[in-house]
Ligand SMILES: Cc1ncc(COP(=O)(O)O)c(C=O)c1O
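As structure tokens, one chain now follows by itself in the form predicted on its own.
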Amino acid sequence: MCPSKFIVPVADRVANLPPYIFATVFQMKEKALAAGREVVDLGVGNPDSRAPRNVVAALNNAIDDHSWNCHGYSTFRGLPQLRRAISQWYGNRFAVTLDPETETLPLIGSKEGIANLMRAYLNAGDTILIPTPCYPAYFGAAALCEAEIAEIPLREENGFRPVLSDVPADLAAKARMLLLNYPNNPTGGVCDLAFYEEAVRWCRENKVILVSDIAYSELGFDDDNMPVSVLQAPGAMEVAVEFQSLSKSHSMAGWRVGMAVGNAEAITALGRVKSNVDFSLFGGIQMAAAEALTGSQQVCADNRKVYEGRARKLVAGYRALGWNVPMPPATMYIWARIPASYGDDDFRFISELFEQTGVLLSPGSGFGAYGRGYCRTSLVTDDAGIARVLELMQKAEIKWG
């Protein structure tokens, strides 16, 4: 007689995690690769560039520096050199003054920081307002807090900015946190300081924490009108926490370097959570991050130029197929309505496109309820790759209009 299989059920908070539509997309890719098929993955926003040489050199120097031991545990709050660099960068970039001791905190990527801030402030049953379409990780982080997620729409006609005055009064009264992301992943939408000023007033009036994710702030394509920080809005330091990342701007996605800045009380609460779950970043990476923030910012300008150029080439190519897609004003993505013949079935569109061409895009419904009927192209291949993508698409039996 075989003994019964030993299984301990997972916690409800894990069992009840929302389905991750991209898991199915990844399975499609793996199956095709196993069959020896050509795959061009434009689904994941994984930069194909490398970190700047001065940043790599700073890491190597820290590793070999015997005046201190970067190989041991770091401090919970991160190295003072990095906190000062964060403060300096914010001053240079946004003219925002931050106390490096109380208003900055290094993170192991902004993703973990946002999740841990939710853990610091959301009790089970609390309501978080998440404008969608959005970065899908927001959903999982909120679900692990057992929070109630209220999606509010980002509509094309509003420049993919939420209309806060349309949030029902009863929902605003229940809300504990509002999450904003500009420039926006996946839509590429941008906002101005006037919008942030309105958001700060709205959050103050409704006693809501404002969480601003500006991971793509350095990838705005209008050099004369670069993306702004919520902390530039009057009163923002009282209600807001902002998250920044070196992943896309400085080509350091795998290094996992992020930062939280803003309201000192919230930074302290986030630090309390983190002190119970990690020891901050590896010291060598912290020194490299300080170099990235205080050294030349040419890498940011170079990346902007690269992503804008790729977007223009792909948009032109898509339009030549008969697919009318907009040029994004920022980020490393193209967000577009799927061809009309597919209605709102974005998963069927990306599946058929992949089956016929090997080109993999992301289905819009994976980014929330208001992403249905759209898809996202990640600008993570060079000019030769773009030419190949368009060559493959031209052969597809798809009605693009």
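Numbers for residues come from their place in the sequence shown, where the first is 1. Keep in mind that what you see is a predicted model, and the values were worked out from it rather than measured.
The form predicted in complex with the named molecule is left out here; the points below concern that form.
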Indicate whether the named molecule has at least one heavy atom within 4.5 Å of a heavy atom of Asn263 in the predicted bound form.
-> no
Given that the partner is absent here, does Arg304 sit within 4.5 Å of the named molecule in the predicted bound form, heavy atoms only? no
Check your understanding: Does Tyr135 make contact with the named molecule in the predicted bound form, using a 4.5 Å heavy atom cut-off?
Key -> yes
Using a 4.5 angstroms cut-off on non-hydrogen atoms, would Ala215 count as touching the named molecule in the predicted bound form?
yes
On the criterion of a non-hydrogen atom at 4.5 angstroms or closer, are Arg155, Thr187 and Gly366 all touching the named molecule in the predicted bound form? no
Heavy atom within 4.5 Å of the named molecule in the predicted bound form, from candidates Lys111, Arg77, Arg161, Arg310, belongs to Lys111
With the partner omitted here, the residue among Ser251, Ser280, Ser87, Ser245 that in the predicted bound form has a heavy atom within 4.5 Å of the named molecule is Ser245
Exactly one listed stretch (287-295, 191-199, 116-124, 135-143) reaches within 4.5 angstroms of the named molecule in the predicted bound form by non-hydrogen atoms, and it is 135-143
